[in-house]
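Just the one chain here, laid out as structure tokens, in the form predicted on its own.
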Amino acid sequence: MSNDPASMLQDYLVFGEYDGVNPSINDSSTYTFRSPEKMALLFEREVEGCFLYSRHTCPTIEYLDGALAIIEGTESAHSTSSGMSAIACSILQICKSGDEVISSRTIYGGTYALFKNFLSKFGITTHFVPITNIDAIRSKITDKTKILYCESISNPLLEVADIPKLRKLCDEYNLKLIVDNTFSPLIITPYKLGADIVIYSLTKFINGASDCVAGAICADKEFIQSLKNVNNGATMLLGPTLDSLRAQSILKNMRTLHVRIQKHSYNAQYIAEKLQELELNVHYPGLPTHPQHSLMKSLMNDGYGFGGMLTLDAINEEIANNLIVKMQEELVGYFAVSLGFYKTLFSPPGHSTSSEIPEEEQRQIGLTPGLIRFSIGLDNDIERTWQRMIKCFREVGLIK
């Protein structure tokens, strides 16, 4: 039997109510009980195949959860209404006031703001460190530290986390390792490399259509059940419930995830190599010049490439802004945040998805004013796209 996550997902057959090839959408907020005893049992603990209230879970969401657990190799998973809710609920399930989190300093701006500005109001302190520096991480660990948090491939600077090394450090100090794998589904399997909890913004590559917002938490069964506990479960009590219609839509889109990831990676590798030939400052894990290229090769699953994300430093903010507008005019893609869409998306992260990080800290981590983040699309003729990009580069003065 194949251990390839995409192959395993292809064998995940869920039948609809009338034997449809797609599972039925369950549109109930509440469920009936056959006896008082069954109601009491459900409120005491989770019973598989039984439902009480959709804020807890519902059949359609559980179908999606099963697919997510398969591709991540976890015992269980739980879908939420956003990636941010998945992160927040995971942290709050583990930490209490007085506890500390160590986080990579190069993370999504919303996550940074959650850790620095929001969780601090509840007495949870976060220390931001270079995730590639084990000594720097170790120096921040105290008896109050509960979590080490990182992104497998960081947003937006594309640093690659050495998850096996981080696992060893967490074992040494009894920490939970949480890894956001939004940039690299199928490409990297963090749970198999040592993560305790894997987070996703399903909004991005996994759904792939830019038509919904959703998140996921993948972990062992005990942790997922704790999240849904009626007395102290973070997802149960905070209520980030994913709509069943969206759960069904995401599950259907997951069936083509392996094909899409392969094409995103192929196109991104092509563009990255072309940019490097022009001696432009491009950052992509698939290039040998990337600082963690060898590490990435040791972590990644075969057959999916290095991902669809790359960055280009366009020298300064003015050129970057002009280039972004020009590329949209020339149909290279959309000037928009987010990622994983069928068409290429590009934006300046310093003024968008990383704007929550103060400018001084942006400079410290290498997020320059001219940086453009690209989510390379599924273009069938990537050479045509490249020729459009070259035209834009010349018109804004990036190349002669």
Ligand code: PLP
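Start at 1 and count along the sequence shown; that's the residue number. In this text the structure is predicted, and so the values were computed from the model without any measurement.
The following text describes the form predicted in complex with this ligand, which does not appear among the structures shown.
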| item | value |
| --- | --- |
| Contact segment among 116-124, 298-306, 243-251, 174-182, judged by heavy atoms lying within 4.5 Å of this ligand in the predicted complex | 174-182 |
| Proximity to this ligand in the predicted complex, single hit among 74, 203, 189, 93 (heavy atom within 4.5 Å) | 203 |
| Of 319, 237, 213, 136, the one that lies within 4.5 Å of this ligand in the predicted complex (heavy atoms) | 213 |
| This ligand contact in the predicted complex: residue 79, any heavy atom under 4.5 Å | no |
| is_contact(residue 155, this ligand) in the predicted complex, heavy atom dist at most 4.5 Å | yes |
| Distance check, residue 108 to this ligand in the predicted complex, heavy atom within 4.5 Å | yes |
| 4.5 Å heavy atom contact, residue 151 to this ligand in the predicted complex | yes |
| Residues of stretch 80-96 in contact with this ligand in the predicted complex (4.5 Å, non-hydrogen atom) | 82, 83, 84, 87 |
